[in-house]
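For reference, the chain that follows is the form predicted alone, supplied as structure tokens.
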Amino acid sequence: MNNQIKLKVNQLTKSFPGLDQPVLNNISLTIKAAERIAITGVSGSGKSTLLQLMAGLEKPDSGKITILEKDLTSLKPNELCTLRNNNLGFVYQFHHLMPDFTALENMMMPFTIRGGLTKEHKAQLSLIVKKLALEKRINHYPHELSGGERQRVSIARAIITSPDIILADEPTGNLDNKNANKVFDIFLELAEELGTSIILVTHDILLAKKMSKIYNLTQGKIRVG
């Protein structure tokens, strides 16, 4: 495995009004290239908050998050948007597809934001569509797709740009066990082929065990599970 550090969290603390103690208290961890980690914990333990901080969608009370040696708190809004588009992919429990766009248009959204596809990206898109068995569904709208198909489209959208890191928040939580395992295994296979790091937030210990390292978040503290 490449030892390049892709993301580093250093002494991160985050509180919310009305709570007796910080949701995250002095959290530190490091993610290397192509590393796969799972963050587990009960509902309300702060897993999703930690993921939002890593994405630059929330700001910590104290501490530091760096992605590719860039301090998220020091970036201007446009620089943060560029970093997200170029270096991060996102997969959520609820797919967040745009209803007025076809499956293909949703997949291509990161490139639409960038200004278009290169020949190399078109070839990669074709391979990913085939791998996810979506060839016959690319011109359908989200409401015409099954739950598993919608989630496969969201995975394609996240991975199509070959991001350095994918942040996945309960990515199969809205699927039955059979579909969850099938979709997740394809997701892992694609990420491995591209050398993409994965940070998975999940309460599903069976999915967590498919990762290379498991962390547990409890009472604001994180430890290796």
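Don't overthink the numbering: it's just position in the shown sequence, from 1. All of these numbers come straight from a predicted model, not from anything done at the bench.
Keep in mind the form predicted in complex with a small molecule is missing from the figure; the text below concerns it.
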- Task: With the small molecule left out here, work out from 38 to 46, 157 to 165, 25 to 33, 187 to 195 which stretch has heavy atoms within 4.5 Å of it in the predicted complex.
- Result: 38 to 46
- Query: Would L19 sit within 4.5 Å of the small molecule in the predicted complex, counting heavy atoms only?
  - Reply: yes
- Task: Answer yes if any heavy atom of E58 is within 4.5 Å of a heavy atom of the small molecule in the predicted complex; otherwise answer no.
- Result: yes
